[in-house]
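Just the one chain here, laid out as C-alpha cells, in the form predicted on its own.
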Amino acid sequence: MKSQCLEIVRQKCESCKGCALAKTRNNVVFSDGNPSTAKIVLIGEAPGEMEDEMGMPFVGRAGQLLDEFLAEAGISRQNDLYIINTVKCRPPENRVPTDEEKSSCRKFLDAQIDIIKPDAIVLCGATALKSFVELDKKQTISKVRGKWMSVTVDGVEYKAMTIFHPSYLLRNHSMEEGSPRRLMQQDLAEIKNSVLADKVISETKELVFA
C-alpha cells in the first residue's frame, strides 16, 4: 500500500515543473530504501551530479562514505532507511537549494513522510535541518547535532535528530575523540539503539533459538 501511494507521488514529482530546476535536471531523484520496512526517514540536501545521472540519492562520494558509516553502525540502507532530499532535482553546480525551490518541492517531501510514517527522522546536514527548524545565529549544526528533538509534518509530531552531512566529513578525516567523524559514529549508534532496538532484540532471539 505504501509503495502504491509513493508511486503516485513519484509520478507527480517526475512531471513537476514548479521551479527552474526542472529545466536543468536529467532525472528526478525521488528516493531510495524500502518503504515497507523503513523505520527511519533520512533527509539530505539535494541531488548532486551522480545522483542526477542515476536518479538515486546519495550515490556519489558523500553517499559512499555515508554507506560506510551506516554499515559500521549496523543500520541497513535498504531495509531500515527511506532516503529522500529536500528537493528532488539537482541545483546547478551543486549549490544550496533556494527557499523558493525547497518550498516548491515541499509537498512531495511531506507526502513521502506522511506515507512512510517513520519512527524517527534523521536530518542530514544544515539544509535539511533548516527546512524543519528555525535557527538563531548562535545555533550551528555542531551544537544541535546528536540531540533528539521534535519536528511537525502536516500536524504529526516526529522525533528527529540532526547529523553531519557526509560531504562535510569528506573534508574532515580525523578520527580523534570529538572529531566530526567520531561524532557521526556516536550519533548513528544512538539512532540504532533508540529507533532500531526492537530489531536488535529480534535478531538476538533468532540467533539464540536458531
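Quick caveat: nothing in here was measured; it's all calculated off a predicted structure. Note that residue numbering begins at 1 and tracks the sequence as displayed.
Quick note: we don't show the form predicted together with ligand URA, though the next part is all about it.
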Does Val28 reach ligand URA in the predicted complex if we count a contact as any heavy atom within 4.5 Å?
no
Test of understanding: in the predicted complex, would Phe164 fall inside 4.5 Å of ligand URA by heavy atoms?
no
Taking ligand URA as it sits in the predicted complex, is Ala160 near enough to touch it, meaning that at least one heavy atom pair lies within 4.5 angstroms?
no
Examine Val41 and determine whether its closest non-hydrogen atom to ligand URA in the predicted complex is within 4.5 angstroms.
no
Specify the contacting stretch among 45-53, 31-39, 140-148, 180-188, defined as having any heavy atom within 4.5 Å of ligand URA in the predicted complex.
45-53
Using a 4.5 Å heavy atom cutoff, which residues in 137-159 contact ligand URA in the predicted complex? It's fine if the answer is none.
none
